[in-house]
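Shown here is one chain on its own, the form predicted alone, set out as structure tokens.
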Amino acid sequence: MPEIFVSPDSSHAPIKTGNLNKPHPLSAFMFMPDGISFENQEPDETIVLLLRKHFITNLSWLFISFILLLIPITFFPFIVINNLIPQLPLAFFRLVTPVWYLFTASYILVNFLMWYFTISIVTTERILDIDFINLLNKKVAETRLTKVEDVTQRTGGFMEAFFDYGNVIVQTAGAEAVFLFHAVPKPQQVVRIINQLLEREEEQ
């Protein structure tokens, strides 16, 4: 039986079905997830990998969100107490504060949804790359495994090495020449799994 159906640990014990493969909703790396399907999935098609950007890539907008949340309770009172802008009454800040928090909440929601719904899927039949350009527009590209020519990984820098994430590049002979899995967790394992799927396709 191919290595793809055994666990990646040193014991190589078979992966059990059930709760062990029950994916965490915020996971960026899902191997053989149970209870997940996608639009236009074929009846005999099984999801092998579902990938998102590593959660650590969200730190930049999470930090900005934290600063935005602090401004109304730190900077606004500082302006009022020190009367830095005397022409602005206190009622102005009472009006601006909820609008500010509404803007901040929208910023957080948009960034989270863009991360959550931009995914790459590897199945037993094909590879799909779903990129959300914005909340109203998305780009979906797919290719059959039989058209995949080469799979490589590219990592660099302390953060990527420490948190074990990087880019996986899939070159194909299809209309979409290159599929890029950007900043996905365990890139080396992703490459190994895709290569094992390709070997199995060649044997059939």
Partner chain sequence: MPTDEFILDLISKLPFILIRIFTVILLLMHLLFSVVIVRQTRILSKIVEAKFSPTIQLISVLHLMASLGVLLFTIIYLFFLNL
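Note that the coordinates shown come from a computational prediction; the quantities given were computed from them, not determined experimentally. Residue numbers count along the first chain shown, from 1.
Just so you know, the form predicted in complex with its partner chain exists too; it's not on screen, but the next bit is about it.
- The stretch among 61-69, 169-177, 29-37, 142-150 whose residues place heavy atoms within 4.5 Å of its partner chain in the predicted complex is 29-37.
- Looking at Phe103, you'd find a heavy atom of it within 4.5 angstroms of its partner chain in the predicted complex.
- Taking the partner from the other structure, its partner chain in the predicted complex has a heavy atom within 4.5 Å of a heavy atom of Tyr116.
- When its partner chain is considered in the predicted complex, Pro89 lines it closely, a heavy atom lying within 4.5 Å.
- Interface membership of Ala161, defined by any non-hydrogen atom within 4.5 Å of its partner chain in the predicted complex, is ruled out.
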